[in-house]
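Here you get one chain, nothing else, as C-alpha cells; it is the form predicted alone.
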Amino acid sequence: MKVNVILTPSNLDELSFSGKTIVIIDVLRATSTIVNALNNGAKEIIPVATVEFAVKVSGGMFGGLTLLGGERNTKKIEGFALGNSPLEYSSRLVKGKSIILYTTNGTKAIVKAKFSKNLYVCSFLNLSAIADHIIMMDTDFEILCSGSNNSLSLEDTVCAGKLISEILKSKKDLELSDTAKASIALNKTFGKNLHNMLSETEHGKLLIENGFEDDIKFCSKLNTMNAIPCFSGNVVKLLVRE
C-alpha cells in the first residue's frame, strides 16, 4: 500500500483525484462537525464550495427537512440555521435532516476531491474507524489535509500522521511518501496531548478568541465515534457496513 499526504489542496485540480481513494481531514472544524452530525442521525451532508451555492441549493429543497450550516471567519453565516461548531449539531436538531454545509476550508476540499473513487471523512473523533476501514480495503490511498487558507495546518497534518501510525500497527509494509513520513514525525512531536496541541495552533487560538473553546475540547477527543462518512453522489452519508 502506498500512502501520500497532501498538505493543502490549493495547487491541485479536481481531476488529479480521479480514481483515487482519499481521506479528507479538517479537524477544526468541518470534518469533526460532519462526523458528529451523521453520528447524531443526520440523513446526509451536502458540502458546497460557496455560500451562494449553498443558498441556491437550499431553495430547491424541502425547508423543514433541510438545514443550512456554515461559517465565515469562524462565525455562523447570517441567515443560516447552524454554524460550524460540532456542538450545534445535536441529535435533537439534525436527526433525519439533510444539511447543506459551507466552511472556509473543509467543504471546499471535499468538493475539490469529488471525482475520487472513494472519499472518506476523518477527524480525531473517528480516526480508528477510518483506519480499520482502510486496512480492510488494502489499497493505495492519499490523505487530503484541508489546511488553512491554502497553507499547512498543524492539526490536520498531526491527524494524518496519527491515522497512518494507526494503520502501521497492522500494515507494516506501507510505502510512505515524504509528506506521510513528515506527518508521522509531527504526530510524534505534537500528538501526545491533542487538546493542548489544538489550543496552540493558529486556528485553535482564533477559535478560542471567538468563544469556541468548547469546540477545541470536543474536537480533541480521540476515537469516540465509530462513524465512517463516505462521499458519493455529491452527498456525505454514513457508510453502511455489512
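Counting begins at 1, following the sequence as shown. A quick note: this is a predicted structure, and the numbers were derived from the prediction, not measured.
As for the form predicted together with ligand MLT, it is not shown, yet the points below apply to it.
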Exercise. Quick one: does residue 153 come within 4.5 Å of ligand MLT in the predicted complex, counting heavy atoms only?
Worked result: no
Problem set entry | Interface membership of residue 106, ligand MLT in the predicted complex, 4.5 Å heavy atom rule | yes
For this session: Verify the contact flag for residue 84: yes if a non-hydrogen atom of it lies within 4.5 Å of a non-hydrogen atom of ligand MLT in the predicted complex, no if not.
Result: yes
Exercise. Just to confirm, residue 28 within 4.5 Å of ligand MLT in the predicted complex by heavy atoms?
Worked result: yes
For this session: Work out which of the listed stretches, 199-207, 169-177, 182-190, 41-49, brings a heavy atom within 4.5 angstroms of ligand MLT in the predicted complex.
Result: 199-207
